[in-house]
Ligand code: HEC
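What follows is one chain in structure tokens, specifically the form predicted on its own.
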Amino acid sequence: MAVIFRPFGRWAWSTSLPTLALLSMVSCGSGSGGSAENVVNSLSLDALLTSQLIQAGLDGDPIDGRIIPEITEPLAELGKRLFFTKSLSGDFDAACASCHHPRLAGGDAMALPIGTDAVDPDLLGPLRAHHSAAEDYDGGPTVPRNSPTTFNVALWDESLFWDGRVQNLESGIATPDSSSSGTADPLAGNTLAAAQARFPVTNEEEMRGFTFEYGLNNTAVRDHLAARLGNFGVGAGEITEDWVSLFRTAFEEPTMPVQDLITFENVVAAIGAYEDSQVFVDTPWKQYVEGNQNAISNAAKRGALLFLREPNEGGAACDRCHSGDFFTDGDYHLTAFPQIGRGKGVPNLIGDMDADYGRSMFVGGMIERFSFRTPALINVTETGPWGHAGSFSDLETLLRYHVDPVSGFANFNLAALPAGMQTAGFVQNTGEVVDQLLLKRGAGTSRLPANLSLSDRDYADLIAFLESLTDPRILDPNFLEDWIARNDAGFTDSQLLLAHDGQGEVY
């Protein structure tokens, strides 16, 4: 067999009948025999995987012609400084980077976040703790959903947030400020990233705090924060930094009045440009699809076949939802992952207010209840804990639960969760979600395969494949340095997040 790999997943090949007969007899396993057997196995895997890639329409490039901002552009540079300043939190105790730090793969390495009122505002990661004197202290995390990574946010076309409440429409972008879920928000901006950045600052647990502009609406909060940065109006004198020159450079407006220049719309436009610059997709998998047959292991190739194939072909049908080169359909599905943490303040069947209805909280109705947006899988090995509530800190545990949620729920190990995690509603809430999954399966409306039987090696192969989806550059602190704000001769921010892990590591 001659297999000719071409760039961007376009192949041509010729196959002789004897070779086809040989391939039909060769196991897909990597084998434990000599090098000749391994070579044959590798060749057979490449041939099978080539066919599967063509069938799935994959070319390895999730960027797909999008224009990505450079981090060196003045607007993205301004966005980086804004992303790292605690001046955008009501009480100066949280920054965007508190939950989405580049050294933590664009997340916070926590099951569920602690935003405002942390014991040490600069401490990030698993040791970050809620202050015992803070509002609503209960010993556990304060934000009800896991922090999604900001890495590759520019590759999302449909929506952002777990429930998609920031969503692209033909008429613009709908947000929680829209008059309805199908109506564009005139202040949303031009990108999903900019629209999303409007909301953490208005949330008490994330960045606003419980006293800042108490009783006033989102507009008052945003206007106050912009005035703080511009040193005018209600925000005059609250900080000492001169942000004006940075805004003038970024927006090329040398004479515009400050009140017109430093608006919250311009703040989030800069933050959105910074987030959109965080595109890290140079993965071994991409290199393999584009022609480097040695870029990934045989185990990863077997895992890719499992991932892409349907159950009747011996696969796990993962790409029913994790489809395309970005490995997401951008849609919302009920996977029955455990519900832990504070929840979203909606009632379960017995009336406890710690459930999370997922997508239906934004669009209403029962059809989308407990459904969440399919996460993308580029860099997935580095973005845990996983799940909308961060229920899994181990990928194999997640995969085993995903394959059989009924048994996974029955055997879920609450003791493996972080100390202080709120789990009082776990049985009731997760039980309702699993029941809903079974109803969907009975009605034929669930895309989650049932009755899969995977071996230990299958799980190991799937993990090897997922590992091949990580861009190795994001593991290099020197590479990530361009995306981390530092005080320097050009600008000093007294409210800069000086991130550390509490054990001597400075981010």
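One rule holds for the numbers: they count along the sequence shown, beginning at 1. This is a predicted model, so every value here is computed, not measured.
Same protein, other form: the form predicted in complex with heme C (HEC), not shown, and the subject of what follows.
Shown here without its partner, the chain carries Arg473, Phe479 and Tyr507, none of which come within 4.5 Å of heme C (HEC) in the model of the complex through any heavy atom.
In summary, among the residues Phe412, Trp386, Tyr288, Tyr357, the only one with a non-hydrogen atom within 4.5 Å of heme C (HEC) in the model of the complex is Trp386. This chain is drawn without heme C (HEC); in the model of the complex, the residue among Ala300, Ala95, Leu229, Leu124 with a heavy atom within 4.5 Å of it is Ala95. Within this chain, Ala188 is remote from the site of heme C (HEC) in the model of the complex, having no heavy atom within 4.5 Å. Among heavy atoms of Leu58, none comes within 4.5 Å of heme C (HEC) in the model of the complex. Shown alone here, Lys440 lies farther than 4.5 Å from heme C (HEC) in the model of the complex, counting heavy atoms only. Not displayed here, heme C (HEC) is approached by Thr335 to within 4.5 Å at the level of heavy atoms in the model of the complex. With the partner omitted here, the stretch from 114-122, 249-257, 131-139, 419-427 that lies within 4.5 Å of heme C (HEC) by heavy atoms in the model of the complex is 114-122.
Contacts between stretch 360-381 and heme C (HEC), counted in the model of the complex as any heavy atom lying within 4.5 Å, involve Phe372, Arg373, Thr374, Pro375, Leu377, Val380, listed in sequence order.
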